[in-house]
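Below you will find one chain, with nothing else, as structure tokens; this is the form predicted alone, and questions on how it binds or moves follow later.
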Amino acid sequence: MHVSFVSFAKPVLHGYFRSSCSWRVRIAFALKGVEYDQAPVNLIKDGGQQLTQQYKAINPMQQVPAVEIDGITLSQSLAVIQYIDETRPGPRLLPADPKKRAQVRMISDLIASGIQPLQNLYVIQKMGAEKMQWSQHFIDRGFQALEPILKQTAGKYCVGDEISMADICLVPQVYNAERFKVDVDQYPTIKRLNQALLEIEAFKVSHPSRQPDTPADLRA
């Protein structure tokens, strides 16, 4: 059930240009055509602006993203995406069919719980010199599971022929894989889907190279 909420204030996204979890939310807003403001949180500068008491009051986990929307503050990107889907008009981000909806959630959780947390900034900072090898290992481990699943579920996109939350999770994770020098050619279904999705405007405008806080040398 989709409910429309009248809100006079734009949502505010507290995020970081290269955060894959922040990118997921930016994609969802773009797909839904929702205008929003950004309040960048630099995860590197000053030891990490997410660690300040000011930001801890917004998100006690001291992570990005956090979204102020409709009088509440939400963190955890999948919760934010599902709230956007349930309260804003536009294309569905979770399919109406229960089986497809479960597949979308399965793929989204595999990425958001099974791959991304093992190579987020907090973890790799603890790994020191081994961070590249560590990240490659866990991305490959996840992609080895994801590839056969997507072979079964994919049509034009991750689940059938409609863009969903699964696609929103996939593209930022492939971007991370490429950053950490994972050979994505080993995963032809993942590679094909990612290439198709990057042609879509919502994925382009939300890309890390096109954000207000993107450093000049990384801008598209």
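In this text, all values refer to a predicted model and were calculated from it rather than measured experimentally. Heads up: residue numbers just count along the shown sequence, starting at 1.
What follows is about the form predicted together with another copy of the chain, which we do not show.
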Here the chain appears without its partner; judged in the model of the complex, the stretch of 168 to 176, 154 to 162, 36 to 44, 63 to 71 with heavy atoms within 4.5 Å of another copy of the chain is 63 to 71
Q) Any chance Val12, Phe29 and Ala216 all have a heavy atom within 4.5 Å of another copy of the chain in the model of the complex? A) no
Next item on the list: Give a yes or no for Leu78: in the model of the complex, does one of its heavy atoms lie within 4.5 Å of a heavy atom belonging to another copy of the chain?
Entry: yes
Does the 4.5 Å heavy atom contact test between Pro117 and another copy of the chain in the model of the complex come out positive?
yes
Close approach of Gln136 to another copy of the chain in the model of the complex, 4.5 Å, heavy atom: no
Q.
Is Arg141 part of the interface with another copy of the chain in the model of the complex - any heavy atom within 4.5 Å?
A. yes
Contacts from 148 to 170 to another copy of the chain in the model of the complex (any heavy atom within 4.5 Å), listed N to C, are Pro148, Ile149
